[in-house]
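The chain below stands alone and is given as structure tokens, in the form predicted on its own.
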């Protein structure tokens, strides 16, 4: 394989952590030199050369061409100065020497025999078939740089790394550390970010900007929590009455064209869109269009019937409700090419059903327990999804708190506590880490419920990037179960978020897990991944994001960003 060949070579080289460039996430193998090298952005060419492959097109896919165009634009427009005192002014003498070479080309190719697919096609393959590995060489003598991969998705990841190598001062684009040799691949197949668009609505433009930021950090899954009790903005063909009465307004909906726009934009950036329609809980808003399917709708006090207002859950014991829900999810599944679809399943409130006369009548007449009815409901919805090729995804309660039948390939998202991952793995389910004690981005903002002036958020304290960065995906996971850990994601529940603070509450914090699940436990020099060496590199990513219009929040005063370690707690 292309990755293993160069990795073996680089392992022989002396590898030191780079001092003037700051890659994020850090590659698996990295060798850098100390020779200045310039790049004339306006004249720089990125070319592709694909070998003939019998039966498959050798033309450059359109989305790879678009990725090349984006990289070319970033090289011209980023104008990213090194984060040092003086902003790189001290580099002028080094790069003004007549001996400094100028690189004019990056040549990209796939390995011989590789199937040429679009990036978007690669991004939605089954997880075990996705290949994001690449090799990148940037010589110091001005000859062409080369980028090689097994897939167009790998080439995209390599382009992202290439962009991060370069800095700008007085009209010059340069690096001080040629030659550069990188052999890279992700440690985990799932690296995501979740956005809730139901508590508050986010226009397509905000989601696209978020996808841009995700791509910068090599995140590959956009977990879209599209609906909840508060609103149902997703317009599902055949069920348009649900969003017509469940959206906040006619302007706050995602039409099928909007969904296609988001899916296409994500796919071009190597991102799979995993949609979630949470069931049977968190569904009060469906009462607006189908009151016959919802129990305890807006019951009071809400705290007796739900974890947050408004109360309302699908009547899971009702065959009619199960059929309605299965049909709704089946229709929604056709909007998304992802192999996955989440049916949620968290925070089910038993009292809601205990107090619902219709549910009790059905249970009594059929002799079922609530758990048996839940198992039948989930089975019906999952069968509908599997009929269109989707693998179901659920929250951890479906495995740990309920006695229901689930197919063993169901993916389980662990959210309540990082301590629960091991229990999910022991039940032999594949899992995605999203623990609230490390990865919830909304924590620490205070209570959002009214008439509670001394209240705090339930998941206090605020989760800093450095807290998230200390997460160990394999903590308490046995060696025998390690293969069940697919990766992880950071999550934003939006009770207190909207387009006005989306960028700042998410970035660059959500990039911390990107490195956890791409780079793994160790850095290229063999040292453990650590917050000390990570901070200057995350500063760099944040400043690049700002250059590209992503309003990522500052991690420290600028004084600290240009003086690494001087603001450390024990400095």
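Positions refer to the first chain, counted from 1. Only a predicted model underlies this, so the values are computations on that prediction, with no experimental measurement involved.
FYI, the form predicted in complex with another copy of the chain isn't displayed, but the following is about it.
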Within 4.5 Å of another copy of the chain in the predicted complex, heavy atom basis, the matching stretch of 413-421, 142-150, 298-306, 475-483 is 298-306
Heavy atoms within 4.5 Å of another copy of the chain in the predicted complex: does residue 552 have any? yes
Heavy atom to heavy atom, is residue 450 within 4.5 Å of another copy of the chain in the predicted complex? yes
Examine residue 64 and determine whether its closest non-hydrogen atom to another copy of the chain in the predicted complex is within 4.5 angstroms. no
Contact between residue 461 and another copy of the chain in the predicted complex at 4.5 Å, heavy atoms? yes
On the criterion of a non-hydrogen atom at 4.5 angstroms or closer, are 248, 467 and 535 all touching another copy of the chain in the predicted complex? yes
Which one of 118, 436, 200, 161 is close to another copy of the chain in the predicted complex, taking close to mean a heavy atom within 4.5 Å? 200
Which of 498, 240, 102, 96 has a heavy atom within 4.5 Å of another copy of the chain in the predicted complex? 498
Any residue of 259-281 that, in the predicted complex, places a heavy atom within 4.5 Å of another copy of the chain: none
